[in-house]
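Below sits a lone chain in C-alpha cells, taken as the form predicted alone.
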Amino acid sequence: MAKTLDLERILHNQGVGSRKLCRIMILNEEITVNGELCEDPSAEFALENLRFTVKGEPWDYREKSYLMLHKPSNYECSHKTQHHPTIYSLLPHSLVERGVQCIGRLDEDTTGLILISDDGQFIHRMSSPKHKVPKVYEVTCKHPVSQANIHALLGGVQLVDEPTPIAALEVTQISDNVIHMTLAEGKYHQVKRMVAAIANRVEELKRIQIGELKLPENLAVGEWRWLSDKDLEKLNASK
C-alpha cells in the first residue's frame, strides 16, 4: 500500500514552514496538490509522484534531499558565518528549513562542486574517511609546475603536524601552471599545504569532481540542482 500523509504534515516535512503556518496557507487557498486546490489540512495524499504548489511555486515531494551546488568564491560552507555570506543563502528557504548540510567544506575562496543533503546516512557515507571517496581539484599555481613537483606530490610530501608524508592519488598536468590533483583525504587546507610543500602557491582552487560525479559544465557558479538517479549511481559507485 502506498504511503500517505496529511497535507499539513507533508508541507511541514518539506520545509515550507511550521505546522501552524502550513495550516494557515492551506486554509487561505495558497496550496494546490497534483494540480487541484486543496483547502483541507487533514486531507491525505499518496507521497509517490506527489506534486504541489505553494503560492504558485511548483515543488515535487522528496522524502530526502540530494543536490549539488556550484560554490562561488567568497562564500562560507557554514550556517553561522564569520566574514562572508553562507552558501545556504543560495538555496530555497524550504531546503534550508529541512536542515540540509553540505558534505565536506570548501574554503571561502575555493569554488566548485559541493554536495548537500538532509540524509544522515548519505552524508556519513560520502564524508567518512574510511570510504575514501576521491575528489579532484583544479589547481592554478603561482609558478609553473615541473615534472619533479608532480613526482613529489605523487610520492608524498611532508606537511606540518602530520606524522607521515601525504601523497596525491593522481596528478595531471593541464598547463604550465595548472594541474588536476586527486585526493582521498580531507585534511585542513590540504591542497594548499601540499602545493606549498613543493615551494609553490595556490592562486585558484576549484573542486571539479567527487567520486565519479563531475561538476556539470552547464551548472553556473552559484546555481544548484537536484542529483539525478544517474548522479547518485555514480556516487554510490565511488565508495
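Note that residue numbering follows the sequence shown and begins at 1. Since we're looking at a predicted model, the values are computed, not measured.
Same protein, other form: the form predicted together with uracil (URA), not shown, and the subject of what follows.
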### Query
Can you pick the stretch from 84-92, 100-108, 117-125, 144-152 whose heavy atoms fall within 4.5 Å of uracil (URA) in the model of the complex?
100-108
### Message
Check for me whether uracil (URA), as it appears in the model of the complex, comes within 4.5 angstroms of all of 137, 191 and 205 - heavy atoms only.
### Response
yes
### Task
Between 7-33 and uracil (URA) in the model of the complex, list the residues on our side with a heavy atom within 4.5 Å.
none
